[in-house]
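Shown below, as structure tokens, is a lone chain in the form predicted alone; questions about how it binds or moves come after it.
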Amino acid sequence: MQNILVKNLIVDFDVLNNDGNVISKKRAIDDVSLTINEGEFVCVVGRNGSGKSTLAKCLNALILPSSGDVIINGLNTKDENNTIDIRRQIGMAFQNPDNQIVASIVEEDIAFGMENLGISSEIMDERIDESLDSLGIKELRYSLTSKLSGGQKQKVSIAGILAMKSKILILDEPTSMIDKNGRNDLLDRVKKLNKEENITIILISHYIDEISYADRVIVLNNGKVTMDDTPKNIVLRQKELSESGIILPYIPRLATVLRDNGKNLKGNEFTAEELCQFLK
């Protein structure tokens, strides 16, 4: 079942001079068409300025198309009457969690979105516990948000979205403030939510190794989709990745070098464990 349909999407931003007058247009998204199905885990990668965050905000009706269409479960984002319904279906965690946290206590912050949906206090209490537990931060329920680390704030902002029971979750650089072990833990938990609760995940990332969690990878460059494939196939296309400003992580690069030097490898190994299977 289709969740998201993007048709010939173009987004242009005004370029202003020092006097605030429009002097030109900058194209951020350039004729993008794609579909994302219910329950998919899609990772969107690209260099800085490639259009990743702009595309994400288009899906949540935070940015409207200059032309083309974005349709969420049959609802066109260009129709303002659809905006509230679209945002009930799609939760988005921003790269900077300080832009999203609104309350001084963690549980109050998580409750904020549910209060706007008119959810009863009994159900809210259960959902707060569930969302914190699913991200491994149940102990933070009564903590001051001002005392949290950047990574903890990112998890709290995601917990607030999960508590609203959004069926589509957009994560814009959710691990940017978390160390390597914390990144792996968070993404393991997100993957579990994807598989066990059939939540559609759209992960915006500049960490290319994070594509291993996804079912599908979309590569953006200069506002265009340059690749749309499985992670295993994407890592075989190193020349195209390089042209899009993306460098593969160490293990896939090493696997390719070994294969080119006579080792019987597929070249799309992601982890050290996968590589070692062929080197025994």
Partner chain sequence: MIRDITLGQYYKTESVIHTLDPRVKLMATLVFLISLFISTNIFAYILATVFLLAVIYLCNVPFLFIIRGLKSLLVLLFISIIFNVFLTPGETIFSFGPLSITKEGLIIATKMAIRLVYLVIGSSILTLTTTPSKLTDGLEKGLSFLNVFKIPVAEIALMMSIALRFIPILIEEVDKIMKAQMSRGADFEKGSIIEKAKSLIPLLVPLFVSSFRRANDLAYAMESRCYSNANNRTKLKPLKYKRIDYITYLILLLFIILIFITRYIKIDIRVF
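Definition used throughout: the rigid core is the maximal C-alpha set that superposes within 1.5 Å between two forms. Numbering follows the first chain given and starts at 1. What you see is a predicted model, and the numbers here were worked out from it, not measured in a lab.
A second form of this protein, the form predicted together with its partner chain, is not displayed here; the remarks below concern that form.
Chemist: Within 4.5 Å, heavy atoms only: does R88 come near its partner chain in the predicted bound form?
Modeler: Yes, R88 is a contact residue.
Chemist: Indicate whether its partner chain has at least one heavy atom within 4.5 Å of a heavy atom of I63 in the predicted bound form.
Modeler: Taking the distances in the predicted bound form, the answer for I63 is yes, it comes within 4.5 Å of its partner chain.
Chemist: Spell out, yes or no, whether the shortest heavy atom distance between G118 and its partner chain in the predicted bound form is within 4.5 Å.
Modeler: G118: yes, in contact with its partner chain in the predicted bound form.
Chemist: In the predicted bound form, does N81 come within 4.5 Å of its partner chain, counting heavy atoms only?
Modeler: Taking the distances in the predicted bound form, the answer for N81 is no, it never comes within 4.5 Å of its partner chain.
Chemist: Would its partner chain be touched by all three of F41, Q154 and V190 in the predicted bound form, meaning a heavy atom each within 4.5 Å?
Modeler: Per the other structure, none of F41, Q154 and V190 touch its partner chain.
Chemist: In the predicted bound form, which of 129-137, 70-78, 108-116, 196-204 comes within 4.5 Å of its partner chain (heavy atoms)?
Modeler: In the other structure, the partner sits against 108-116.
Chemist: Its partner chain isn't shown here, but in the predicted bound form which of L186, I168, M124, L148 has a heavy atom within 4.5 Å of it?
Modeler: Of the candidates L186, I168, M124, L148, M124 is the one lying within 4.5 Å of its partner chain in the predicted bound form.
Chemist: Give, in sequence order, every residue of 164-202 that has a heavy atom within 4.5 Å of its partner chain in the predicted bound form, or say none if there are no such residues.
Modeler: Contacts from 164-202: just M164.
Chemist: On a core-based superposition, does P97 travel 2 Å or more at its Cα between this form and the one not shown?
Modeler: Yes; that C-alpha moves by at least 2 Å between this form and the one not shown.
Chemist: So, does I71 move by 2 Å or more at the CA between this form and the one not shown, with the core held fixed?
Modeler: After core superposition, the displacement of the I71 C-alpha between this form and the one not shown stays below 2 Å, so no.
Chemist: Is L169 displaced by at least 2 Å at its C-alpha between this form and the one not shown when the rigid core is overlaid?
Modeler: Shift at L169: below 2 Å after core fit.
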